[in-house]
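Quick heads-up: it's one chain on its own, the form predicted alone, in structure tokens.
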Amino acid sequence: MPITTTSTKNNKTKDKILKVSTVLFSKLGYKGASVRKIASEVGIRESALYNHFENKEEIFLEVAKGIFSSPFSLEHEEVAELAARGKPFLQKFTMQYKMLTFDKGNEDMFRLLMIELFQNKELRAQFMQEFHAKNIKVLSEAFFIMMQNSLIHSSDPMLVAYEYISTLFYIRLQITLMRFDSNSTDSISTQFEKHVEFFWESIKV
């Protein structure tokens, strides 16, 4: 029982470190968010923080993983079932992507990560794995199922996946840049839905 209690407490502390770090990284940038500041906001000693993470970079990479992860949280079987219906798969995938785009916490970190990508090799590798590879895998598998069910034209499913997600990523980047300059995004807030409609009409049988 004590082991379980200690483990639960450690997990809660680790989660709190990640939440606090996300806020501080977003507000202060990577350099400005020191380990001392993070520990202080969490309410623990700096030395205690090292029981959970080796250094600040490890914390940063763990936070980034959550931002980069695929927005699609369904299990493989659920993805396959939804993909067999065609357009509903694209609608659900895209709406989850849109929710991430307009989430304030995600938006601030996404902007910071775009800057840090050019300075951190490990972060670039993580981006390629967590965001690029996983999303392309989910999408290409879904498009392959649609092709098997004669819902869309036969083609290279991976290429179709690239085509689909590239526009989503560009819309997300555009919105992030506009909000950074405090510009209204009302004019492009429906671009996600329009992308689904346009793309589906282009590939359906």
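Quick note: we count residues from 1 along the sequence shown, nothing fancier. None of the values given here were measured: they were computed from a predicted structure. Here the rigid core means the biggest group of C-alpha atoms that line up within 1.5 Å when the two forms are laid on top of each other.
Omitted from view is the form predicted in complex with the DNA, to which the following refers.
Contact annotation: residue 13 falls within 4.5 Å of the DNA in the predicted bound form, judged by heavy atom distances. Contact between residue 46 and the DNA in the predicted bound form is found at the 4.5 Å heavy atom cutoff. Within 4.5 Å of some heavy atom of the DNA in the predicted bound form lies at least one heavy atom of residue 35.
Contact between residue 52 and the DNA in the predicted bound form is found at the 4.5 Å heavy atom cutoff. Only one of 134-142, 27-35, 176-184, 147-155 lies within 4.5 Å of the DNA in the predicted bound form by heavy atoms, and it is 27-35. Shown in the overlay between the shown form and the other one, fitted on the rigid core, is a CA shift at residue 58 of 2 Å or greater. Core-superposed comparison between the shown form and the other one: the Cα of residue 136 travels less than 2 Å. A displacement of less than 2 angstroms separates the C-alpha positions of residue 194 between the shown form and the other one, with the rigid core held in common. The Cα-Cα distance between residue 119 and residue 28 is shortened by 3 Å or more in the predicted bound form relative to the form shown here. Contraction of the residue 174-residue 28 CA spacing by 3 Å or more is recorded in the predicted bound form, set against this form.
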